[in-house]
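One chain is shown next in structure tokens, namely the form predicted alone.
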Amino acid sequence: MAKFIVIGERISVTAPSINKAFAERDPEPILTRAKQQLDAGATYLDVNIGPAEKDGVDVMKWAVQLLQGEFDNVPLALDTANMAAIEAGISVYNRAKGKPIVNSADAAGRIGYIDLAGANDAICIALCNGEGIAKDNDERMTYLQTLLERGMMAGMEAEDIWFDPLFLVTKGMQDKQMDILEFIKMISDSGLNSTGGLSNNSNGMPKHIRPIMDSAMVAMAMMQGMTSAIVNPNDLRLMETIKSCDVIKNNTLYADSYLEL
């Protein structure tokens, strides 16, 4: 079994300090957050530059070279609605520690991201939705099959398409949570990889509850066979849960110091 892959979510334009750093090409805030996440156990770093319609190509190239230059070719997920910016990031990307991740395709307007990943020998996160959120697991599976077939046509290996069931907000969609977990098992039973923005399930909850809910969700998702998640690695409770589940699932060898590894 392979160790659970943690994709750190904290280098994102949704944080005002990071948005400003991208705009001004200020490395300090970005490198600080990168180091915090890597020290906490992140495998990949997500680099979310937002829509980046004007200078996305330059920003993504700058960010990729900055992070890989500083952190020994750390593997990255390139996250933007600007496809040219993703291609630009891949053009300067060093694969020594892993392929780049394209974040993300769906079965509707963003299906071309699968083609982009295939053309550039990259991993692709594939959202199991179309124009809107799938109403049930049958619809999710239809989207998954559409994306899988498209990836195969683009020359991808099935293992390089990481399917995202789309975590839903528990506060307001509580009755949908078991559907998501069941779908993760369907992905796993098909021999495919899965990932997703896990913290979406705790959106809108009080700050002190979110780490508790996220930790419970990641444990249940890992039990269903989830192979990766996009999370905040600086959430200590969450990372302790992931590391403990990896031991219980026999993905990593137990040692008394396993939480420090």
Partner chain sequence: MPFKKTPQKFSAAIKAVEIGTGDKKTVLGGEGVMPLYSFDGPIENAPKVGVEIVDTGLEGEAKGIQEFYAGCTTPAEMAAKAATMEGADFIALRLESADPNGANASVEDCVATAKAVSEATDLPLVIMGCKNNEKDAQLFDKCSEALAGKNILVLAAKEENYKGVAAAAGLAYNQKIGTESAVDINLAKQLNVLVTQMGVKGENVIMNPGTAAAGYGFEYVVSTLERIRLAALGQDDTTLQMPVITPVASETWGVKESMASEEDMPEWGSRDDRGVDMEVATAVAVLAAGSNAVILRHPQSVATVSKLVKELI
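Numbering follows the first chain given and starts at 1. Just so we're clear, the structure is a prediction, and the values are computed from it rather than from any experiment.
Heads up, the form predicted together with the partner chain isn't pictured, but that's what we're talking about next.
- Within 4.5 Å of any heavy atom of the partner chain in the model of the complex lies no heavy atom of residue 14.
- Under a 4.5 angstroms non-hydrogen atom cutoff, the partner chain in the model of the complex lacks residue 19 among its neighbouring residues.
- Proximity of residue 244 to the partner chain in the model of the complex: non-hydrogen atoms within 4.5 Å are absent; the residue sits far from the partner.
- By the 4.5 Å heavy atom rule, the three marked residues 254, 257 and 260 all count as contacting the partner chain in the model of the complex.
- Stretch 246-254 is the contacting one of 20-28, 246-254, 5-13, 233-241, since its residues have non-hydrogen atoms within 4.5 Å of the partner chain in the model of the complex.
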